[in-house]
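Subsequent text provides structure tokens for two forms of one protein chain, presented individually as structure 1 and structure 2.
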Structure 1
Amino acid sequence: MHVSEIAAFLSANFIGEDREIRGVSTLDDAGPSDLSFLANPHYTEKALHTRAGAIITKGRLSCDNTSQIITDNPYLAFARVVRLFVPEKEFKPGVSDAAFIHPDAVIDESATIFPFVYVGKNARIGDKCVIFPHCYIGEDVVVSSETVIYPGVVVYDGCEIGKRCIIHSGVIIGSDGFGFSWDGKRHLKVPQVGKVVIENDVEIGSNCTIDRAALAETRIGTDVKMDNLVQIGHNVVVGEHTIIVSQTGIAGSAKIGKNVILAGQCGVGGHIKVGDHSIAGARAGIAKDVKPGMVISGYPAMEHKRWLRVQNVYKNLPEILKRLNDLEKRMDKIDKH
């Protein structure tokens, strides 16, 4: 495609030579026939010296050797353009002879089921779904249209997965919630008889675990995006459009609002409510409810600006302690006199 065609696709303007573009790449690795992008001003210097034939940028750059496509959101624009140069892989519909499909399961004729997939009794696989090898789809599971389930995923009985979801390798959906009661001699297991419901357009990273509810349902809202190695406890509700970054753990019955961001290694306590549009910094330990729109950090989590002040004190603690000891010694001398 030519730069002008890409700009037209994005409904954007371009400046510079109308070059032919054959691929996409980073600012560092791009060549004269590649398209790249600048979304973070921190990399402006790289953009000024890139060999890319064209870059997508928010503002005009002072470089003449590279064509520029001007748009308000370069990262979003680049994501759309990548699909033009690297189209999604297409799969041939059908069920492999090496898959086990229960006679009472319903598989849409447009779905693709690879070898060594297990589909249990009364499970339903929707149109254009793709299920890769070594996946287990339990009894009464519903997998809706255009969902892709990568190798080695386990979906326990009765769970529901919405449309256009992407479930990466190693994910376990619907394992028992962590519920035990002490009877005086041992821990008695509390039966976990609920389910997991995953709404539409959810993406779940590799090796995440989502526990089934004790009685009702664990629910992941529409357009939630989960990084690798996230743990969701039983009866948790995650609101739509929320981002959960790697190694975050959410304890049972917590309620996470809409458009929330939980950065890496956050911990959310049981029965905690995290309000809509709030942001938790990396390693935040959330032990009490968070009001909508708050930005929090630290352990225990507190308002981000306050945490920054706390951090500033931390690094000075040795000097503060020394000054305090000196003051105590001086006060002792004064008292003796």
Structure 2
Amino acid sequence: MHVSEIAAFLSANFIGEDREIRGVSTLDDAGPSDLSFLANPHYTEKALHTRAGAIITKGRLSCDNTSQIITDNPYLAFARVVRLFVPEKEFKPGVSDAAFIHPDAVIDESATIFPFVYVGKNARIGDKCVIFPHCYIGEDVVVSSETVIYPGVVVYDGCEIGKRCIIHSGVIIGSDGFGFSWDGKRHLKVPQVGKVVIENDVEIGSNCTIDRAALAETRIGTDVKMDNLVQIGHNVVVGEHTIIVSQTGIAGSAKIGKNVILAGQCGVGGHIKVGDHSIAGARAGIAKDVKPGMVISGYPAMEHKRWLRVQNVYKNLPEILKRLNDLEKRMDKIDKH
């Protein structure tokens, strides 16, 4: 594929030689037949010295041997072209003999079921789904079309997964919510009889845990993207397009709005509401409701700009203390006069 064709595919312009491109690579590793991209200005220096045959970039670079495809959002453009060079893997439809399929399960004939998959009673697997080895699909589970479930995923009874979802390995969907009530002698289990609903186009990272609701639904909205090792408590609702980065935990009954970003290692308390389009910085600890559009950080979470100012003082606390000591001494001197 030539640089001109890639540029045309992206409705973008290019400068430099119209050479042939055969692969995609990083700025460091790319050779003369590779395409690379510059999205993070942090790496501009690398871009100036890349051996890539072509680069997708926002601003023109002064590099001679690399053709440049100019576009407003190089990362988005790159996302679009990768599959031109590294096609997605295709799977042969059919159910492995080494899978266990309950006779009352319904599996679309275009789906692929790998060995050692367990599909329970009345479960339904939609068209073009791919279920990798060692997945457990419980009774009455619904997996809708074109969803891919990687190895070792567990979907407890009665949960639902939408279309075109990608569920990475080790994800547990529908385990019991954490509900106990002390009866005077021991913790009595509060039966968790709800379910989990994952809407369409959701991607869930490895080893995430999403608990079933106590009574109704834990719900993950359309186009939510969840990184690895995220914890979602029972009854939680996550709005569409929300991004949840790795190791974040959301306690029971919290409501996360749409288009929210929760950065890595955040925590959201039980019953908290996080408004639409809000952004929480890494490790924010959210113990109160968050208004739509707010940008917050810290624990307890506060407006991000305030947090930056607070942190600036915080790290200088020893000097602040010294100044306070000095002031007290000066004051004592004055008082003595």
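One-based numbering along structure 1's sequence throughout. Just so we're on the same page, rigid core means the largest C-alpha set that superposes within 1.5 Å between forms. Quick caveat: nothing in here was measured; it's all calculated off a predicted structure.
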Pick out the form predicted together with another copy of the chain: structure 1 or structure 2. 2
Relative to the superposed rigid core, does M331 relocate between structures 1 and 2 - that is, does its Cα move 2 Å or more? yes
Aligning on the rigid core, do we see the C-alpha of R22 shift 2 angstroms or more between structures 1 and 2? no
